[in-house]
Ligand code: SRM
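The data below hold one chain only, encoded as structure tokens and taken in the form predicted alone.
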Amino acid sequence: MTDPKQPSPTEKLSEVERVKRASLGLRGQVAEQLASPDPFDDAHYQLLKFHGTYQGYDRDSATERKQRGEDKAWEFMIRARIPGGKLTAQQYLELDHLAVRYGAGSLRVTTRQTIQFHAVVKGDLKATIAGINDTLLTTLATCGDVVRNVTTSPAPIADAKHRRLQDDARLLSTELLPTSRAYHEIWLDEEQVAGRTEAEPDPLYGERYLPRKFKIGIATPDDNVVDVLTNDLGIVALWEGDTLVGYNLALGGGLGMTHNKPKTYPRLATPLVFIGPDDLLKGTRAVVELQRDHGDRGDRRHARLKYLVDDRGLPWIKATLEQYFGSALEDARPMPRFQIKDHTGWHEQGDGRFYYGLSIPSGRIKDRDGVQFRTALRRIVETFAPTPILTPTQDILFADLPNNARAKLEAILVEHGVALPQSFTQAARWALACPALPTCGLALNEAERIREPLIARIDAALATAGLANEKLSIRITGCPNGCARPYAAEIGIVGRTATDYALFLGGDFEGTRLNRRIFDRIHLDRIAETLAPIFQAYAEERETGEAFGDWANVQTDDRLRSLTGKLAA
């Protein structure tokens, strides 16, 4: 195998690759620049990601500050590593406390089952990261070119299947962390080795880490709420009753793309091989090592595993994977049709206790506009000491509740103005949105801040077509990088310019088919208007039980455009 520590003399390397290799195990001059009042430079902006934080600025105030001759309002996003989204009650309360102290009173549930803090100023960066560590969580490897937070089914069902999924997520998350002590030295004041000239060995990542970020999701066919095929490595656990038969490994998922760059594209992972129940870590490491040694380190837009799979082909990928695994691998086994379960509302756990799922619009836990969302959730955790579990649909589950908690828990929510799950339409229930403006430096347009009014207009268009409360998946992002998984939805709305969005149609609710771009540029105010005649045609033409995404998928692009009077994309 290729030595991950040493690039070939002829290998073309991107600038980020040079930064990683020269960083002395992710140390660089992070500690020194942390002590400076100035922003981190470009090289250390890249290294910060491995420690779990992104440097950005408040884009709402940038123009006005520039006109006044002032620097940008620099701030940081910090992300915790929470495998499977599972917290303790005390951890949740301590994260809530950190949000009030350092994060502008806001916690944000991400589509990868973790918590993000936004608007943290540089002077509070170290204290926030150390505070997260004090909760027995970490921010290490939540960003950067490493295996990130491992997602899985959030359902706290007391059976062998769901316990195994959570155990698997924690196992992989722990075993695939970098070994560098840089994180502990910089943020937790661990004593540094005097005169260090080499990074400590990392048998998995070497000194260059991975070519790009690497995402892992674990699911079962009967609950694909994690959108398992959108991951670099999608792991599908196959069961016979309560017996784990093994895992299908699906390789090459990833949704990031760039407008007007056809060589970049979203892709769903391809089920390739099957491994036994005792080979999960071995098989996962083999896939990570394959990407480590063969992924493109010269072009970061071409560096994800999906491009390696397509460039080399599935036969080469399987043969090479077998070399890393150490033996022949069985082809992926047939799987039943994927399903997605709704975990909001009250559900039995199977052990005499219950869990309650609450929708969090855009994942934003904050008191504002007369709704005391953050306060209500804190009251629930203080009152019942449940097990909080974050979901890939930006919701929260409160597990391990007694049956007699129902009335009091819902009363707390009503008292604080929080909408109960039954009050959401299906479109609002399943809609996802990334943060976008003003915190994301990549955003071309809004997402989170326009989600509620846009979904309301789409709901009105559905109702006019006789489709009130129709179940469908809508996902909104401010740029084409796909953080809210828009290309795996029935309707994907993707920031195209500062004024327009691209509209994608034809995915399926279960996350097994990509949609396609039907309209390249539509102003926000015309999205619902554009969808209205398409909804009307769907209502008139659909077969019994046919979902909107399935109907749209079999229509031609010109047909869908013609319904709106537009014959050109």
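Residue numbers here begin at 1 and follow the sequence given. Because the structure is a prediction, the values reported are computed rather than measured.
The form predicted together with the ligand exists for this protein as well; it is not shown, and the discussion that follows is about that form.
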Practice problem: Sort through H343, R297, R79, R451 and report the residue having a heavy atom within 4.5 Å of the ligand in the predicted complex. | Solution: R79
Quiz item: Just one of Q291, T220, Q394, T284 has a heavy atom within 4.5 angstroms of the ligand in the predicted complex, so which one?
Solution: Q394
Self-check item: Contact check for T425, R517 and T530 against the ligand in the predicted complex, heavy atom at 4.5 Å
Solution: no
Practice problem: Pick the stretch from 348-356, 377-385, 186-194, 436-444 whose residues have a heavy atom within 4.5 Å of the ligand in the predicted complex. | Solution: 436-444
Exercise. Examine T110 and determine whether its closest non-hydrogen atom to the ligand in the predicted complex is within 4.5 angstroms.
Key: yes
Practice problem: Determine whether any heavy atom of G256 comes within 4.5 Å of a heavy atom of the ligand in the predicted complex, and answer yes or no. | Solution: yes
Self-check item: Close approach of N481 to the ligand in the predicted complex, 4.5 Å, heavy atom
Solution: yes
Self-check item: the ligand contact in the predicted complex: Y45, any heavy atom under 4.5 Å
Solution: yes
Quiz item: So which residues in 191-223, when you check the ligand in the predicted complex, have a heavy atom no farther than 4.5 Å from it?
Solution: R212, K213, K215
